[in-house]
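Just one chain follows, in the form predicted on its own, and it is written as structure tokens.
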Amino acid sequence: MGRKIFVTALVMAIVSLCWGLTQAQEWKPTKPIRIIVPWGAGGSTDQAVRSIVADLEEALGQKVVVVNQPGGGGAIGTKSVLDAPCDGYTWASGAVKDLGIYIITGTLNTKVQDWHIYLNSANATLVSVNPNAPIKDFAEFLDLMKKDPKKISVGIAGIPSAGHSAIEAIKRANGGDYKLVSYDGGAPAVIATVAGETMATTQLLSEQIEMIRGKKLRPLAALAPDDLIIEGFGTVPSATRWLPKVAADPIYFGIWIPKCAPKEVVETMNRVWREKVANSKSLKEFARLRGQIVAPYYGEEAFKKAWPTIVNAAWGLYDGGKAKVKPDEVGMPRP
């Protein structure tokens, strides 16, 4: 009898200890959480973050405030997160590719390994032109890059950005050149092409999709492994039809929490991502409307998904003469 009582007490003690540890890992924020979007309102980062804000607020029981802080190719807003108290209440966001190459451009001394990565969606970049552009297809676009590159003005959201990585990847695979025109965000870059300030833009599909559906942009090719089907428009051919070796990696978006954040914040966010974000109806609807892929990865799996895109973008900057640090000096061997 005494042995049974002892065993029962021991089991209860273990259960109590495990319950206590679980409780210690549960984070209950007591004030609003800020997510810094390092680009202007209306761009892909802004859209991707706002698609899950309601889910985060419901899961955490606290207000989540999105703050747009553009400048420096995303570095200024990201640095403000690093400069904030590392208490779990200030997060960064964006394309994980950008986060991984700040150290290559010399704009910010941080690496992707310094952050906890939470991805929510994946996007593709498109080469689109103003409908009145004097080229009929991507073949003529590539030809003009070689014959008269000054005529190929390309609007992008700064260096680094998805649009910049895309046109640099095309340049490496095709040869020739182009005229770079930088704007403070993806939305302004797309609008500039619609207005005729630039001939083309290579920004993300989510930033272009409404203009494509409205026939204010004419897509020529998608930097995607396969042809891209846009709901409400049709099929955009893959750039690999013309450039088989062009880098056509998806661009992953999400939020980032500094590695110095308290353990209970990270454990709670892992659970929220697994249980709430992965099943988010608003995220799925956002992806459907904006031509994106739902990609609710976190932790090591998120890193593995993002790493090839980061490395390709880093070497693209280096080969294009726009890097201050050689990628293999910071752990990025040439692919």
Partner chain sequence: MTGLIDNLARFLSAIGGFTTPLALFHMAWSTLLGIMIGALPGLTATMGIALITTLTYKLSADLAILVLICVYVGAIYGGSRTAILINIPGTPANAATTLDGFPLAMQGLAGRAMGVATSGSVLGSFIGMFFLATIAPLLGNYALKFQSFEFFWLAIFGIVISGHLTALEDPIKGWIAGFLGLLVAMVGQEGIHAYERFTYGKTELLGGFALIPAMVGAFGFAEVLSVMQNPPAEKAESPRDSIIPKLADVLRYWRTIIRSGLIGTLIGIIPGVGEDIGAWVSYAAARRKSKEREKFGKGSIEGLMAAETGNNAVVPGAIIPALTLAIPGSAPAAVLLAAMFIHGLRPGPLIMVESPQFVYQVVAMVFFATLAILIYGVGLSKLLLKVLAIPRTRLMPVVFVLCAIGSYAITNRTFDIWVMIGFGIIGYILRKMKYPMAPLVLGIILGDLMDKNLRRGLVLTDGDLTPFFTRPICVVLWLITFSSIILSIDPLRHLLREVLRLVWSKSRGPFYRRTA
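Remember, predicted model here, so these are calculated numbers, not experimental data. Residue numbers count along the first chain shown, from 1.
As for the form predicted in complex with the partner chain, it is not shown, yet the points below apply to it.
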Looking at 258, 71, 262, 149 here, can you tell me which has any non-hydrogen atom within 4.5 angstroms of the partner chain in the predicted bound form? 71
Which residue, 184, 137, 143, 114, is the contact with the partner chain in the predicted bound form, using a 4.5 Å heavy atom cutoff? 184
Looking in the predicted bound form, is the partner chain within 4.5 Å of a heavy atom from each of 54, 63 and 289? yes
How about residue 42 - does it come within 4.5 Å of the partner chain in the predicted bound form, if we only consider non-hydrogen atoms? yes
Does any part of residue 47 reach within 4.5 Å of the partner chain in the predicted bound form? Heavy atoms only, please. yes
In the predicted bound form, is there a heavy atom of the partner chain that lies within 4.5 Å of any heavy atom of residue 82, even though the partner is absent here? no
Residue contact check: residue 305 to the partner chain in the predicted bound form, 4.5 Å heavy atom: no
Testing 221-229, 237-245, 93-101, 188-196 against the partner chain in the predicted bound form with a 4.5 Å heavy atom criterion leaves exactly one stretch, namely 188-196
